[in-house]
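Given next, in structure tokens, is a single chain: the form predicted on its own.
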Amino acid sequence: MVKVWQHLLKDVVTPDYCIGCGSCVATCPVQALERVNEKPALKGVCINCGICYGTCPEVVDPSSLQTQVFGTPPNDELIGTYKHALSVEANDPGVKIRAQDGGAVTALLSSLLEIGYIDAAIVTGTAEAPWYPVVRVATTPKEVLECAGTKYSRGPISLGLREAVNMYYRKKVAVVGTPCQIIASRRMGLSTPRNEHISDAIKLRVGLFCSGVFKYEDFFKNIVEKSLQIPLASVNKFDLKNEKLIIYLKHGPSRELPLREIRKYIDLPCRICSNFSAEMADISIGYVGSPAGRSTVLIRTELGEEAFAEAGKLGKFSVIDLASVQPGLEGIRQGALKKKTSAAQAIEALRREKKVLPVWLEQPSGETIAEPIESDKGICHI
């Protein structure tokens, strides 16, 4: 049974499980969907092709993609399939100052652009509103560096991909995103039917370790700016480490917020997400596992292996085996276990409260029984 927009509205958007990745909007072949208030909305005539539902990352159990992507079960139950575990540091001091942790993402993307392995990278920058995430199409190392640093709030990565394809005419695009955004990019290529014009432009998927993100208005505007009276324009950097959100100011001492006190502001889809290390990426990168000033890099696929090797030829970053540093893989496993445990607890809380559950929990295959759904244009029979 083909699932279409009205099913997506019922299963994901209305119960607030939408992550705002923009995949449904980006892949709609007739541009019937638009992103309104960070969520998709029907603004044109739906042709019931089902592509929007097929690309959504929130209608399937993430583990169901394992064999489709890798062909085998994971070689590590907590952090997924990987070939190499490394600790990486950018060699350029300017990159390290601007970027997060060791600057591995910035150095990797800059190198791949420079050698022509990719012709664009979809990254998250900011706009006139301080720290509000805005997706950018980076085509030069300079543009990558301008977007360096973690934003801790999501941007519509997939709309950046559409822009790269339709406006920049790019065909070898690297997508950088959180675990759920990477799953969305995988779904684009695996769904039937699919929008090949968009999905086939993805050359590389770079995933970011993620413990969860905050909604911009709820947390950054209402809590950081209003309650804590910290103007967002005065913040130089946010960092989530050791169960604390650290707010580095441009002038003055940093502020620390215990994660246990602000966890309630983490977005609902994040609270039930068990994917910490971006298990569906070609290359996953984060700070956990490496010492301060370095980034952990998990190379997961042959494509990731090739891309990392090609980028390394420019010498923009130094590499050591993760086994030679502390806490190493065990640190990543602990982070992954913590997120999986927290997700299970959050799901159980939803059950107790009799809240609407994610569709992939109600039907393990990610499928729901097709039935007539009422729309604003009458009854849509599927």
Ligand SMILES: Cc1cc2nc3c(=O)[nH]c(=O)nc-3n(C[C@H](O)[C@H](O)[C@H](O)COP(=O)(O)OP(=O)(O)OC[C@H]3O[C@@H](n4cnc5c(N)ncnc54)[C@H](O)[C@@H]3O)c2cc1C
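Every value quoted in this text rests on a predicted model; they were computed, and no experiment measured them. Residues carry their position along the shown sequence, with the first being 1.
Below: the form predicted in complex with the named molecule, not depicted.
Among the candidate residues 124, 87, 199, 111, which is the single one with a non-hydrogen atom no more than 4.5 Å from the named molecule in the predicted complex? Partner contact (heavy atom, 4.5 Å) among the options: 124.
Let me know the one among 268, 208, 232, 247 whose heavy atoms come within 4.5 Å of the named molecule in the predicted complex, would you? Result of the distance check: 208.
Residue 176: heavy atom within 4.5 Å of the named molecule in the predicted complex? Close contact exists here: in the predicted complex, residue 176 approaches the named molecule to within 4.5 Å, heavy atoms only.
Would you classify residue 278 as touching the named molecule in the predicted complex, given a 4.5 Å non-hydrogen atom cut-off? Heavy-atom contact with the named molecule at 4.5 Å: absent for residue 278.
Considering only heavy atoms, tell me if residue 150 and the named molecule come within 4.5 Å of each other in the predicted complex. Yes, residue 150 sits close enough to the named molecule in the predicted complex that at least one of its heavy atoms falls within 4.5 Å.
Residue 283: touches the named molecule in the predicted complex, heavy atom cutoff 4.5 angstroms: So residue 283 does not count as contacting the named molecule.
Which of 159-167, 178-186, 76-84, 250-258 has heavy atoms within 4.5 Å of the named molecule in the predicted complex? The contacting stretch is 178-186.
Mind listing which residues of 323-347 have a heavy atom within 4.5 Å of the named molecule in the predicted complex? Not one residue comes within 4.5 Å of the partner.
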